[in-house]
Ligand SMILES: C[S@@+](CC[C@H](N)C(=O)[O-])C[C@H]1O[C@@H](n2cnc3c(N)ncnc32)[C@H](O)[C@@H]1O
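Next up is one chain by itself, shown in structure tokens, the form predicted alone.
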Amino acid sequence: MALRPRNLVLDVCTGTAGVALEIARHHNGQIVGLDVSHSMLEAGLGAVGERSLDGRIQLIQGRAEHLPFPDETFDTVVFTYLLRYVQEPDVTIRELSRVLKPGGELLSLEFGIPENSWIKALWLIYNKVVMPVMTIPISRGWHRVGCFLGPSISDFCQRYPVDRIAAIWRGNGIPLVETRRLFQGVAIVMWGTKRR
């Protein structure tokens, strides 16, 4: 992410504002965090207040598919673990691109499935067995998350492989899309610049 002074950054699917707070550590611009969950935003507001960043980070409730901002508002748009939770990822990417200024950066972090067969086997065991069992003693809610996450990632990655997501970005004004697989492909970072 190019950290230019006074940039306006939108963090979509901000949750408890973890990414927004990390951006604020390295960037002196303004950050708007958007999430659909009121309870996540409340926790995020607490974290922002604890770090005395409420003058630089604003958190608002909203949906990624219908952003409450005018066209070409933000210098940078970031989103983390978003696309599995929207009905139409292509519509969401179009909306994210709409609020991005020409020459602005779009960046994302999403889960992926490892390509190496041994690591993929370990990943499957972890997601189908270890995580569901490990979350039982924590709480009923965490157990639901432990059972949901692996199948959710697998299903999404089959329907929307990285090449298809990159094509959606290109179809929405981001001509050169770059990707990097992290942790043997367990996570995928994608970034590109909107056409001027």
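Residue numbers here begin at 1 and follow the sequence given. Fair warning: this is a prediction, and the values are worked out from it, not measured in the lab.
The same protein also has a form predicted together with the ligand, omitted here; what follows describes it.
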Where, among 134-142, 25-33, 159-167, 56-64, do residues come within 4.5 Å of the ligand in the predicted bound form by heavy atom distance? 56-64
Counting only heavy atoms and a 4.5 Å cut-off, does the ligand in the predicted bound form sit next to every one of 19, 80 and 86? yes
Interface membership of residue 40, the ligand in the predicted bound form, 4.5 Å heavy atom rule: yes
Heavy atom to heavy atom, is residue 185 within 4.5 Å of the ligand in the predicted bound form? no
Does residue 15 reach the ligand in the predicted bound form if we count a contact as any heavy atom within 4.5 Å? yes
Check each residue of 121-152 against the ligand in the predicted bound form and list those with a heavy atom within 4.5 Å, in sequence order. none
